[in-house]
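For this one, two forms of the same chain are given in structure tokens, first as structure 1 and then as structure 2.
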Structure 1
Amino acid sequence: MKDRFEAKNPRSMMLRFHTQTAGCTLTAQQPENNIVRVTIQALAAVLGGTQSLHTNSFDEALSLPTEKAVRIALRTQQILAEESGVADVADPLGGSYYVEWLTDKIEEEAMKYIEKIDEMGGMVRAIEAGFPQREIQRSAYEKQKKIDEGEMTVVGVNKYQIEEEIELEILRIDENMVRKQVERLKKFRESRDKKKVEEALEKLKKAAEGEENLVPYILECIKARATLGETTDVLREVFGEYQAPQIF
């Protein structure tokens, strides 16, 4: 941050990061195995120094999580934090040669991407050219190919399979809850100062049509009690909706 962007405030040079366990590793087969996967990933995040952590629920390959699954995900974090001892010191893996080597390797490979994107003219140009989308698709294809060919093991999917009938409670959204939420939104809109909302949204639109920093205007909209949908609708009106380029 200091060398590349000439940051002056030491706080803006700090690396703060949030970690979410990998939803792409969750399997519909033998879904209880996902509890173990999430635990290992959460432990890795803590060992890596994350400041914020989200643990996925074990049933998310099948549906939105049930209350039971959410509670297990929460307890996973609480057991790590309060029973395992892993959070008792700032850097429990400090001095590990392997971790240091991996860190250097990640930095080296990340810099290759950063330099390539710089050569393309920056991230916006890279997205317009379909570069990050293409890389994500390539990575996903290569991983799936390894799984299909048995080169990469996914327990319960391509190894240690069993004949099973999945008997999990699946979350069903109560239609009454949907109606209640719609009613809440109606009441929210009726209780606010409509003129203030309209003025804030209009200011955001004019700013979006120019070259100004939009963050202050977005904050003004939220403070005026504009909804997320209303705020993003204004931006869609000005910028349109992003369409990913066709990638083959």
Structure 2
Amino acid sequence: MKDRFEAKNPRSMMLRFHTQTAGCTLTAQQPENNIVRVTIQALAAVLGGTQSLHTNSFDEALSLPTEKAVRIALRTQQILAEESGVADVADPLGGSYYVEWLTDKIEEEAMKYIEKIDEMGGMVRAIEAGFPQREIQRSAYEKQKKIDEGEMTVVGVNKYQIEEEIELEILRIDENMVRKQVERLKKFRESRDKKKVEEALEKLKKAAEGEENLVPYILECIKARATLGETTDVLREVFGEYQAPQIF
């Protein structure tokens, strides 16, 4: 921000970030082990100086999290914050030879990608050419291959497996909820001033065809009690829909 965009305010140069523990690491097998994985991941986030954190619930490879699983995930953060001592000093790993070497290395390799994307004419062009999508696909393939061949351990999945019947309290969505939602929507549509809705949507359409900032127009539609779908339909009409390029 400082060098490339000549920002002057130090706040413009801060990288504030949220972290979530990686959902793809959760296993359906021996799901309780996920509590330990999440703890390690949360520790990494905190050592990295995150501003906010979501810790995954251990049952998420199987279903939406139950209240108990969510509570354990939250307690994991509370234990880190209030028992572990990791929050008592700024950047406890700063100066670690290994960490600093890794940081430099990641920075160096990431800069190579950024320069390449600049050469391609920026990220929009790179996406249209399928570049980042392809790079990620390649990494995903290599990682899966390592897991399949046992070169990379996933405890409980390709090593230390057990015979088990997974007994978990699973949260399911009740079909009645869907009916209730659709009924509420119907009543909402019937009880509003239709003319006001149409006027607001028409104004949004005109603005979308021009170059003005659309947020105030969308806010007017919402206040006039247009639905999310109706507002989006107007934009669909003006902007069209995207078809993903064939990449592979």
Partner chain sequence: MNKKEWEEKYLEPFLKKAGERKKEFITASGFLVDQVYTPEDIDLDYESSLSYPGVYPFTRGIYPTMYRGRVWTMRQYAGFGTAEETNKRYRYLLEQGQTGLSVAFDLPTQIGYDSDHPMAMGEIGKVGVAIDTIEDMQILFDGIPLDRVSTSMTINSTCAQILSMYIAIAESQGISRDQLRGTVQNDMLKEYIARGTYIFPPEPSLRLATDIIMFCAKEVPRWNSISISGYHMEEAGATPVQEVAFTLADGITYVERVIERGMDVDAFAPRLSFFFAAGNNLF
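Take the two forms, find the largest set of C-alpha atoms that superpose within 1.5 Å, and that set is the rigid core. What you are looking at is a predicted structure, and each value in this text was computed from that prediction instead of being measured. Please note that residue numbering is based on structure 1, beginning with 1 at the start of its sequence.
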(request) Specify the structure that is the form predicted alone; exactly one of the two qualifies. (result) 1
(message) Superposing on the rigid core, is the Cα displacement of residue 219 between structures 1 and 2 2 Å or more?
(response) yes
(request) Indicate whether residue 232 shows a C-alpha shift of 2 Å or more between structures 1 and 2, with the rigid core used for the fit. (result) yes
(request) Answer yes if the CA of residue 32 moves 2 Å or more between structures 1 and 2 after aligning the rigid core, and no otherwise. (result) no
(request) Align on the rigid core first, then pass along the CA displacement of residue 202 between structures 1 and 2 in angstrom. (result) 5.5
(request) Look at the Cα of residue 192 between structures 1 and 2 with the rigid core superposed and state its shift in Å. (result) 8.6
